[in-house]
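Same protein, same chain, two forms; see structure 1 and structure 2 below, as structure tokens.
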Structure 1
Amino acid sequence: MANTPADKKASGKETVFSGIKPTARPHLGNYLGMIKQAVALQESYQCIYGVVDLHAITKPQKPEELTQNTRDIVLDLLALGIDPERSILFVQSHVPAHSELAWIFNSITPISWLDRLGPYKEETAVNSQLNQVGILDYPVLMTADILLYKATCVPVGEDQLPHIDVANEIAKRFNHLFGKTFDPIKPLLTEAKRIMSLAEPKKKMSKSGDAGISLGDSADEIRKKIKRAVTDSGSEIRYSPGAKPAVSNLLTIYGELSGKPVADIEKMYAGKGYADFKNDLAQVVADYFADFRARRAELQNDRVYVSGVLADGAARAAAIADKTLKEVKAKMGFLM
């Protein structure tokens, strides 16, 4: 079949890898920062996407919720347009090479590269109970995720940039110690690299709290949340993240989902108030995800198809990952 990942590799196309943690249904930030790009990149890259359950367990997870969240994210990604004919979609723990390469990379990663990272410092400052080694070590596992596939392009939101920096440092150190094996990794960011909370526009939209729009929300819930979203002082609909963080965030969402440039949207609402703007935005968001909701409802009943996609995805991912792991181990002198 033309256009399979193997064909793309053969034609010299770069490899894309990205992952999403199954800790809750994805929110609008996940969609605009990562998933939307991941879908578009399938056109011209070899794409490999992981539902990264080994990352999810770095914070306590109830077993039944981990299972359900993993199933949910797989359905969400398929319904949003990740196409198993064009990409490899798999669950991270189904490919044991991820854990093994992470362990190997642990042996060449100084702790000081990890304990200075913002996300680690912030998480442990907020909750001192979160002191598991996994929270510190998480960027090393991310490095393994990316390098197992020799991916050079990683679509992500802005919060992941420090982790990509660490991945590049680890790749460089490995190359230096054992010979050139990995190329530099480029993060791919969109205009929506940091979608903010609808309630506190100076904070990132995150999975926790109701200040985000979940892809599990109904059209009515979406409308209610957008109408409740905080706005800034002054009534002008103008993009200015410093002066008007709330409206700028809403304009970014409007632009990304309608395909209209933000400057055109500003003109459309010149002289109008927040109520008109929010009403229309609520409709844009609710409409945008209507097909997704229908497609997801169909897929939900097709367990056989979804299990088949994941078995096939794991086999195809493992074939690439095992080859890289073997190369790494041979270079390091493991008895083969």
Structure 2
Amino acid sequence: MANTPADKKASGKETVFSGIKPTARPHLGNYLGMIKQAVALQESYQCIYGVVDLHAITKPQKPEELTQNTRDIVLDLLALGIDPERSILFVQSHVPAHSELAWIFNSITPISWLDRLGPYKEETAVNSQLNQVGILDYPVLMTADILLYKATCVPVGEDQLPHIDVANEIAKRFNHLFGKTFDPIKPLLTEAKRIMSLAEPKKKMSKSGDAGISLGDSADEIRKKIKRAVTDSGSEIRYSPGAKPAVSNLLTIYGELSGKPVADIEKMYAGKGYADFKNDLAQVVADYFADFRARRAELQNDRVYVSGVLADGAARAAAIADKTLKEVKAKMGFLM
């Protein structure tokens, strides 16, 4: 039986909130950078995980793709180990308080806090048609996502730290204007190393083509992509990101999924060529996700269970979020 909000408070554990945007199937870099940590956090924290579809629509989305991507992310998270008995898993748009608190926070957030952020500048520089309110306002909705649950810990990469800073500034301003309501948010920096593209090892792994390994890839597709991955000049298999970025990236993947230190892997392939190394790595990756593929196939055929998980998750999330929203509105003077 799932924990209630009261159970969570009684446990004394800190609350983690993390949002996963449904824009495409996650890839290996997403898994090692965020999802693997999210699964592990369930051991020590009270975890609330939202599939943040409201964030996804800040860029154009085809309706049928948004529906499918949201369903895919839910199935992936469940199959990878997000446990609805230990965590709350829900779809963001199923809890209306997210949008309402974001609007309230908009009323106290200076535009200057938002338009200075790197992601906004980068997005609009690449595509001027993305110069819209949703892109600018993304961090305010992110703040509402976190503070609705009085979460104090958020797993992020270093590139997201400016958004956490803004969230804390919004929380402080609300506390100053209306009384102490929110505690500071602490970033939980991921320990996983950055996973780079298999085709261009100086760029981060992406979700398409041979550049990345999607969680939707079959074992055969994984093997083909690893074998086609670019390598560096020479034949020595050693970790040196500066001199051998491609091989270093492959060694990182091997170490993360096998649990072996990179130094030990280097010794295993001393005197051997890239072909042996890549063949073995392909098998390591394919084997690592074998259980995931089987579990996901089961979930895909059990829509009743998955729908029940999301309905229960939305109800449990709303019970916490609505309480926070009611407190916020009362302090601001809304007629209750």
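We call the rigid core whatever largest set of C-alpha positions still superposes within 1.5 Å between the two forms. Values in this document were obtained by computation on a predicted structure and should not be read as measured data. Counting starts at 1 with the first residue of structure 1 and goes up one by one along its sequence.
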### Message
These are two forms of one chain. I'd like to know which is the form predicted together with tryptophanyl-5'AMP (TYM).
### Response
1
### Task
Note yes or no: does the Cα of residue 239 move by 2 Å or more between the two structures after the core is superposed?
yes
### Message
After core superposition, I'd like to know whether residue 272 moves between the two structures (criterion: C-alpha shift of 2 angstroms or more).
### Response
yes
### Task
Using a superposition on the rigid core, decide whether the Cα position of residue 74 changes by 2 angstroms or more between the two structures.
no
### Query
With both forms put on the same core, how far apart in Å are the CA positions of residue 261 between the two structures?
2.6
